[in-house]
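Presented below, as structure tokens, is a lone chain in the form predicted alone.
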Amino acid sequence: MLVILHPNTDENANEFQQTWHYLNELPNIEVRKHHVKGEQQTLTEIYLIGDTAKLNRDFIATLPAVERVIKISEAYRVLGRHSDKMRHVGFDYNGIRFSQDNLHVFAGLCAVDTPEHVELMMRALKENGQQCTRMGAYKPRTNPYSFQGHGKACLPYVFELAGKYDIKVIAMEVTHENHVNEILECLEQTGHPTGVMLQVGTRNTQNFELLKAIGRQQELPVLLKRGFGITLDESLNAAEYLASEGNANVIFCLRGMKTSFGEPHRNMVDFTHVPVLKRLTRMPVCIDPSHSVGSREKSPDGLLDLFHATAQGVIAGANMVLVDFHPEPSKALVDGPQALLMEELPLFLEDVRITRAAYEKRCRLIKKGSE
């Protein structure tokens, strides 16, 4: 059961204290509290876990600080919508709004290699009006002898260059709790010139101890990639691990499913799940066409398969695109064959804009038809 308090409830007020005391005295019920910060208000959500079937929802709804009570059916208590259209969706971070109603492109280097390439990428992003990017410092690899990323050694110049070119948020994968600490320390040392969105890769989707550790920190939002060999429900429960520890600022990323039926693409593109995720959860939804397609193959119409896959996700309502670019793909240390070229950035962004406009037109059409 979910108890939502009135917006901006003061926890020192008598109304809150009475409500909190009553809920904590309920027998065989565990009480958990979460804060959801929006653009103009903060919501306090209280989760009642245990044998809630016998609880009197109508009475709880009359408690002094309570706005409404929602019955929870899905296992993902914090991140689920639970058929409640009023639930707060999205979050703000470092001046950027992430929600199910807008779209951001995170174009950048799958793996940081040189300061020169990082600067070329960030300069191009600024010239094209972008404030988000992806920069891989820690790279989990299937082959133990492959390049594993520069790690914390590259963080200072990545963050400083981001500040120079007004990049507000960097999506950066982490594979260990220590990486989170290194990122936080470097942000502090460099004066917080940018922000970081921690990325959990597909291999770590069910690394539950890592998820708990990332969830315990609430300063940095999280991008969780779907596990490539597990069900959607299992991946959603992985996201819930983050939220259950306190960090509900989570974006869910579709990156393709590992199966032989996806050939010749790297993975089976799963972007039709975008509207499913938006219906089931409050999370903004990201697509990763680079790791879904995994190549620069082109169709007879002249468009790259990667452009087509991106459009599939955007026309379905995706809120974020994570895509690989590189100044010199032949010299890239990771996934060079799938990286888009720098001169393709304006074209890619315009194609995304056209597709997003088509999605918004579809939404207006349906809304008009239902009036």
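In this text, residue numbers run from 1 along the sequence as written. Worth saying up front: this structure is predicted, and the values here are computed from it rather than measured.
This protein has a second form, the form predicted together with phosphoenolpyruvate, left out of what is shown; the following refers to that one.
Query raised in the report: Quick one: does residue 201 come within 4.5 Å of phosphoenolpyruvate in the predicted complex, counting heavy atoms only?
Result: Judged by the heavy-atom cut-off of 4.5 Å, residue 201 is in contact with phosphoenolpyruvate in the predicted complex.
Query raised in the report: Hey, in the predicted complex, is residue 291 touching phosphoenolpyruvate, heavy atoms inside 4.5 Å?
Result: Within the cut-off, so yes.
Report task. Could you confirm whether residue 255 comes within 4.5 Å of phosphoenolpyruvate in the predicted complex, counting heavy atoms only? Result -> Judged by the heavy-atom cut-off of 4.5 Å, residue 255 is in contact with phosphoenolpyruvate in the predicted complex.
Report task. Determine whether any heavy atom of residue 173 comes within 4.5 Å of a heavy atom of phosphoenolpyruvate in the predicted complex, and answer yes or no. Result -> Although phosphoenolpyruvate is absent here, residue 173 would touch it in the predicted complex, with heavy atoms inside 4.5 Å.
Report task. Heavy atom within 4.5 Å of phosphoenolpyruvate in the predicted complex: which of 197, 286, 110, 242 fits that? Just give me the one. Result -> Checking each option against phosphoenolpyruvate in the predicted complex, the one that comes within 4.5 Å is 110.
Requested in this report: Identify which of 81, 179, 265, 139 has a heavy atom within 4.5 Å of phosphoenolpyruvate in the predicted complex; exactly one of them does.
Outcome: Result of the distance check: 139.
**Report entry** 117, 158 and 326 all contacting phosphoenolpyruvate in the predicted complex, non-hydrogen atom within 4.5 Å
**Finding:** Verified in the predicted complex; spot residues all out of contact, no.
Report task. Tell me the stretch among 243-251, 182-190, 201-209, 147-155 that has any heavy atom within 4.5 angstroms of phosphoenolpyruvate in the predicted complex. Result -> Result of the contact check: 201-209.
Requested in this report: For the heavy atom contacts within 4.5 Å of phosphoenolpyruvate in the predicted complex, list the residues of 212-231 involved, in sequence order.
Outcome: Heavy-atom contacts within 4.5 Å come from 225 alone.
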